[in-house]
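What follows is a single chain, given as structure tokens, in the form predicted on its own.
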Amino acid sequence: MTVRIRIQQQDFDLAEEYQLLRQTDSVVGAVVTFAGLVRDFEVSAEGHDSLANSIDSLSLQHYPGMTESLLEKIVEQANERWNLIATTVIHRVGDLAPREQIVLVGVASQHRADAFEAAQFLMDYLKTQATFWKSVSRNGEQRWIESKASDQHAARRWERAADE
């Protein structure tokens, strides 16, 4: 299996990454990609998004070496569950503006079910298990972002699925 994991400040080219996944092997029958964007708002504690919660920028930090190792483990788990041919995980760090690309998860497999499920698993686990620290800037003030209960809930469903 081909694995590409990158943590970088620079943007990525979605079309180029798709082509790399597609051309990995002649047996590739499905490619699923997910590109996440920096939202221009922050959801309030009550679960509402509004202009009052708009942000100026998002800052991401990571612990080099440890974060890459955790990403490798997440990809290994996906490969144990599904028949994957290639996987790409790119996560950006540094200061990002609203609407910029922040993350790419791409999966190539022979069949669409493996690709869809593995991509969703990777993204759910990336949101909950990878060591990224996020802060938002709004009106000159910066504050750290806590992980969301909805992300934890999404990741737990994979734990339940493994038990079945």
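Residue indices: 1-based, along the sequence shown. Because the structure is predicted, anything quoted here is derived from the model rather than measured.
There is another form of this protein, the form predicted in complex with another copy of the chain, and it is not shown here; the text below is about that form.
Mapping the unseen interface onto this chain, D95 falls outside it, with no heavy atom inside 4.5 Å of another copy of the chain in the predicted bound form. Not displayed here, another copy of the chain is kept clear of A149 by more than 4.5 Å at the level of heavy atoms in the predicted bound form.
Not displayed here, another copy of the chain is approached by A119 to within 4.5 Å at the level of heavy atoms in the predicted bound form. Using a 4.5 angstroms limit between non-hydrogen atoms, Q23 touches another copy of the chain in the predicted bound form. Annotation for 84-111: interface residues with another copy of the chain in the predicted bound form are R99, E100, Q101, Q110, H111 [heavy atom within 4.5 Å].
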